[in-house]
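Only one chain comes next, encoded as structure tokens, the form predicted on its own.
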């Protein structure tokens, strides 16, 4: 199969940040057979390679990337049923929200709260994406990938993906080794729409009878109000969604910062138990206490709707975004002793 490799390919418009220079080489891959061929091309050229999907979690250097960008665009899908379970096998290039919308239209439960998340199916298991009380680790039956070391097709069951909060095998110990080509999801025909997360509890009247579509509509509205949508017809910003993960700290550390934040410990909207001895803390809440929504430094700033989103307001540069992120991170560490971990991937 002949690859259509392009040179000096601009990357900014392939990302939701709309920032970045050109890739030395670029190839769009629509068939599984081309994936390893693309990897071999990079090896022959003596350059690194990096795989992208929707570019929704990516910040690219203004210098661009001196290697090969492999843009996954395979959108083949298969469906199988086993009683009340429906298995959907989706190519890595399928748009994530298109997949969610299709599931809801088919009356399938388990993915409704993940509406409006940008990106593609292939990126979902890498980041173990989640929102409003749901995450993909509870839906993924199998991940199919190419092993870039030898071109072999590898299948990972759910346990082998080593999912944890915003983490998986694919963005940790095996980062860069596997290129995901498709994901097999297990969804339920019978169930109850999930609306347990506090934002959704506040959205719906108590004891309201809600449908899957009601939850999707609510999630899209909430995400739009936070400036977190990257969809046509909705208001959004040039950003990568949540720039940071919510930190997990010890119970003792939490007790110290709870006083520093001058807030009621009974308020469960900004912290959640994590095991028996730790607490997960809202990174957005920490940042809001230090800077406030809409804080700006010239062309870069926080979203006026949600402090987890760093926004490119006026054709900002990569360096400006990174300098702004460092200001946020240094301030949070100095004030609370917490190191913020970036959720966005940096390509330079």
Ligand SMILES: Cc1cc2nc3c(=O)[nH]c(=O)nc-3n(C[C@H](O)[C@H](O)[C@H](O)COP(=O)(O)OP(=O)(O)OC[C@H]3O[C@@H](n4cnc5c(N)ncnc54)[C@H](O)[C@@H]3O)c2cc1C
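Note that this is a predicted model, so its numbers are computed, not measured. Numbering follows the first chain given and starts at 1.
Just so it is clear, the following notes concern the form predicted together with the named molecule, a form of the same protein that is not shown.
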> Using a 4.5 Å cut on heavy atoms, which of 50, 285, 291, 36 is close to the named molecule in the predicted complex?
Replying inline: 50
> Which one of 222, 129, 90, 139 is close to the named molecule in the predicted complex, taking close to mean a heavy atom within 4.5 Å?
Replying inline: 129
> Just one stretch in 272 to 280, 115 to 123, 207 to 215, 190 to 198 has heavy atoms within 4.5 Å of the named molecule in the predicted complex, so which one is it?
Replying inline: 115 to 123
> Would residue 111 sit within 4.5 Å of the named molecule in the predicted complex, counting heavy atoms only?
Replying inline: no
> Even though the named molecule is not shown here, does residue 64 get within 4.5 Å of it in the predicted complex, heavy atoms only?
Replying inline: no
> Can you check whether residue 58 is within 4.5 Å of the named molecule in the predicted complex, heavy atom basis?
Replying inline: yes
>> Within 4.5 Å, heavy atoms only: does residue 228 come near the named molecule in the predicted complex?
In response: yes
> Is any part of 325 to 348 within 4.5 angstroms of the named molecule in the predicted complex by a non-hydrogen atom, and which residues would that be?
Replying inline: 343, 345
